[in-house]
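Here you get one chain, nothing else, as structure tokens; it is the form predicted on its own.
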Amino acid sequence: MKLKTPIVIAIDGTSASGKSTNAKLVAKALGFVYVDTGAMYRTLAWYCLQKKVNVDDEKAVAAVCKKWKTSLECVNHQVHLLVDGRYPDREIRTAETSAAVSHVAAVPKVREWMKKKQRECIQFGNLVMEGRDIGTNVFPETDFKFYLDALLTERSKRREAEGVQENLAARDQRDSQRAAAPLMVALGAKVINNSGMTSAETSKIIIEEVHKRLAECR
């Protein structure tokens, strides 16, 4: 499965549509590197909270993003965004960070910075990258685009099962209506509504489609 340039499989979609779980399954099945772009935005949100920066202040958030000291590393086939040399894995999953992340992610200067950093992940080889604007903004040139969605009621149940209380309808609205790189289906993306489907069933569809498109590239 080696082409001249690294392959990027873009998996976009709504909150709790199974992006992370399926991206991990696909990456493992294909031997690709997994990139959770949401974790990168969460890391910035957490950092802003640590520095007492008002996440509703776009200029302040943009200034922090411009100056913070970060680096990328690949550990066990997963890319991490390090801040001051460490990856705040648990800290970025708190309810406080979850509440702040969509505000931070809506800042245009932040999305510019993130796009550049996310494109740098190609240094680690073939990628499965999941987020909300991978196929539309970060890697629009890739031939491997997928968009996951599910009924709002089912997505809400998934979040509750994770012990997370989040207004997904409000989050969807903020993500789709923001000025910078809004959540939308990328041109040429295969849309998968996985309501009532298991992760294994969803990832199987993606993997089969990837194999099909790779065969067409040869």
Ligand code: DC
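Just count from 1 along the sequence shown to find any residue number. Every value quoted in this text rests on a predicted model; they were computed, and no experiment measured them.
Below, we refer to the form predicted in complex with 2'-deoxycytidine-5'-monophosphate, which is not included among the displayed structures.
Asks: Since the chain is shown here on its own, which stretch among 139-147, 71-79, 120-128, 102-110 would lie within 4.5 Å of 2'-deoxycytidine-5'-monophosphate in the predicted complex, judged by heavy atoms?
Replies: In the other structure, the partner sits against 102-110.
Asks: Applying a 4.5 Å heavy atom distance criterion, does K190 contact 2'-deoxycytidine-5'-monophosphate in the predicted complex?
Replies: K190 lies outside the contact set for 2'-deoxycytidine-5'-monophosphate.
Asks: Even though 2'-deoxycytidine-5'-monophosphate is not shown here, does R158 get within 4.5 Å of it in the predicted complex, heavy atoms only?
Replies: So R158 does not count as contacting 2'-deoxycytidine-5'-monophosphate.
Asks: When 2'-deoxycytidine-5'-monophosphate is placed as it is in the predicted complex, are N22, E209 and R213 each within 4.5 Å of it, taking any non-hydrogen atom of the residue?
Replies: Not a single residue of the candidate spot has a heavy atom within 4.5 Å of 2'-deoxycytidine-5'-monophosphate in the predicted complex.
Asks: Counting only heavy atoms, which residues in 171-210 are within 4.5 Å of 2'-deoxycytidine-5'-monophosphate in the predicted complex?
Replies: Counting only heavy atoms within 4.5 Å of 2'-deoxycytidine-5'-monophosphate in the predicted complex, the contacting residues of 171-210 are R171, D175, R178.
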